[in-house]
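Here we start with a single chain on its own, the form predicted on its own, put down as structure tokens.
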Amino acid sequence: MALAAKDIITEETPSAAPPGYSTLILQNRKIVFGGILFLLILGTALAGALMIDPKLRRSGSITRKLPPHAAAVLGTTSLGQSVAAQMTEAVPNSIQVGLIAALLGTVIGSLLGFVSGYFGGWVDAVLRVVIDVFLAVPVLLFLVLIAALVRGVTVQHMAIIIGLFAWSWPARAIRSQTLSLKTRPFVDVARISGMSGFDIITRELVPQMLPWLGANFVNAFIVAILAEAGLSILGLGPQREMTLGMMIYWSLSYGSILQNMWWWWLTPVVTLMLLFLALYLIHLGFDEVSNPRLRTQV
């Protein structure tokens, strides 16, 4: 039976995961503050969904063009819809887009990056060409083109479209890190112990890269939410479902700025800014945890 690499590693070999990683995360103020802000935004939307009648999202369900007041906390649209009711749908949908796209991009990028960097040879040559081609692709142009061609796009479709273009940068970065890690003594020990290439990747290399993968996931989350908002503002979002981008699109389409209905467009814009702030703080925190040179106070 093959021995696990960690069973015969010397003291000079790094452990499979950074010591005290979970502790460093909990002690990092940026991660804690960003996480609290993110959960507060999501929790408010989910709690609102339980308290606000979903019928108020329909046109003509309430008096039109009301500014924020006691009966309509966030005001109403020119179509007679509650802005607060729309937010209870838009926030979870936008977060869903970011989550699916970031997960898809990170998984694909990690798989290709680890395989390319570890196995090398013709596998690396082929995958490196594929990665370089996708890096050279004008992503925004292709996102606009695909979103325009897909009929009846849904939130899930939008997330997959964005995720399929989110893997190339992490793939290149992970490949570079893998080329360095596979020359370390603990990988040599793993080979000698009889571990296969994929076992070494999953049991030895992936744990070493977890902090960086976490930071990349959050960064991809940010990019996906902003990409969805940009496509939706251009009119290429899910027409039958509400997201933060689609709220901005409909408010601009019905002249909310010209009618001085500031609550209609400002609410989703401020929410997007707060989401970006929360996720960016989490991203910075993961950078500090994974990079000792950035770890000033965590």
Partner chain sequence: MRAYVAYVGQRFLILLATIILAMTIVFLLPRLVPGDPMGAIMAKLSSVGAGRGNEALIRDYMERFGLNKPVWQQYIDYLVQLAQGNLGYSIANFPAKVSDLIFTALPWTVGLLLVTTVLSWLIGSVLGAVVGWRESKSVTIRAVVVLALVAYTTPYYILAILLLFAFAFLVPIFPLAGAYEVGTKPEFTFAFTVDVLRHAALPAMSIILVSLGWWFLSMRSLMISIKGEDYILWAEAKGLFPRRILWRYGFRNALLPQATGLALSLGYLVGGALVTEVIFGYPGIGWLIFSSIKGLDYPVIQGSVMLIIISVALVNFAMDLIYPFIDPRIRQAQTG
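What you see is a predicted model; the values in this text were computed from it and never measured. Positions refer to the first chain, counted from 1.
This next part talks about the form predicted together with its partner chain, which is not shown.
Interface residue remark: F119 is not counted as part of the site for its partner chain in the predicted complex, having no heavy atom within 4.5 Å.
Contact check for A229: a non-hydrogen atom falls within 4.5 Å of its partner chain in the predicted complex. Though the partner is left out of this view, V107 does not reach within 4.5 Å of its partner chain in the predicted complex, counting heavy atoms only.
Taking the partner from elsewhere, G235 is found to have a heavy atom lying within 4.5 Å of its partner chain in the predicted complex.
Among the residues V137, L79, V73, I160, the one placing a heavy atom within 4.5 Å of its partner chain in the predicted complex is V137. Distance criterion of 4.5 Å from any heavy atom to its partner chain in the predicted complex singles out A148 from the list L111, A148, L164, V123. Listed stretches are 34 to 42, 247 to 255, 63 to 71, 48 to 56; the contact stretch with its partner chain in the predicted complex is 247 to 255, by a heavy atom cutoff of 4.5 Å.
The putative spot formed by R172, I225 and W265 is fully lined by its partner chain in the predicted complex; each residue has a non-hydrogen atom within 4.5 angstroms of it. For the stretch 68 to 104, the set of residues having any non-hydrogen atom within 4.5 angstroms of its partner chain in the predicted complex is empty.
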